[in-house]
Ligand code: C5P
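There is one chain below, alone, in structure tokens, taken in the form predicted alone.
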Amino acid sequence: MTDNVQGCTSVAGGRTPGATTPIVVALDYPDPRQALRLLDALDGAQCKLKIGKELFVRGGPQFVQQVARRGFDVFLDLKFHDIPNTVAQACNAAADLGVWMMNVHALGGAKMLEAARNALDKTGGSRPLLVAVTVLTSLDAHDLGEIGLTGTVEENVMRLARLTHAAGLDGVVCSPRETALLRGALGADFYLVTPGIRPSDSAADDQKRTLAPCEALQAGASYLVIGRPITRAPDPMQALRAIQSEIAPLLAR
């Protein structure tokens, strides 16, 4: 039996067991003060938060620590991509900030991925999750060809995801349109973090490979990164609650 709530059926698609709220709000603000105003209306049980490059550069490590002290799980989205030792040290520094998850870029190669994982394994205790970016959701097959990557988007995503899995990382960042493919190939315990989530009434903006929240969860996504549909909505809290209501039947299973 399925219950239909706002077009979302209760047939789950392999969401990673043990995950709490799957919504990760991307703090797409140029000013830390704007981000903090949004945080005033949230708590850590409602959503997790993603801090990307612009906000990190403007707010610095102190801002990340401030957000974490408020009880939010922080996904530090800096996409480390450098020589193995440099990335390992950067991961160590990020772990010291108390983040819940961080990422590197899979195009850095196996040695870089393994160095990042090893660095976090040595931190002891409960280390942050480490995921790798596969192919940015702003890219399509034409874009990949321009930078010399052969094959389809899906082939490139799968190759990089397998590399990440073999290196012992916790998961990957991928388009929701590749989620079902990766879930089937890499198993239920591999985290799939999916940006490019757009409610059906939202514009795609600069994302080219998008899905609605329910579709992404049914395909096997672990976490849904949602930015502008929430942060730029006239009422961000109302937008978040609408998405929560939409996906509630899936999470109840």
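Predicted model only: the values in this text are computed from it and were never measured. Numbers for residues come from their place in the sequence shown, where the first is 1.
The same protein also has a form predicted in complex with the ligand, omitted here; what follows describes it.
Within 4.5 Å of some heavy atom of the ligand in the predicted bound form lies at least one heavy atom of residue 28. For the chain shown alone, residue 137 is a contact residue for the ligand in the predicted bound form, at least one non-hydrogen atom being within 4.5 angstroms. Taking non-hydrogen atoms only, residue 70 never approaches the ligand to within 4.5 angstroms in the predicted bound form.
Within this chain, residue 198 lines the site of the ligand in the predicted bound form, having a heavy atom no more than 4.5 Å away. Judged by heavy atoms within 4.5 Å of the ligand in the predicted bound form, the contact stretch among the candidates 30-38, 181-189, 57-65, 220-228 is 220-228. Applying a 4.5 Å heavy atom cutoff to the ligand in the predicted bound form picks out 50 as the lone residue from 38-56.
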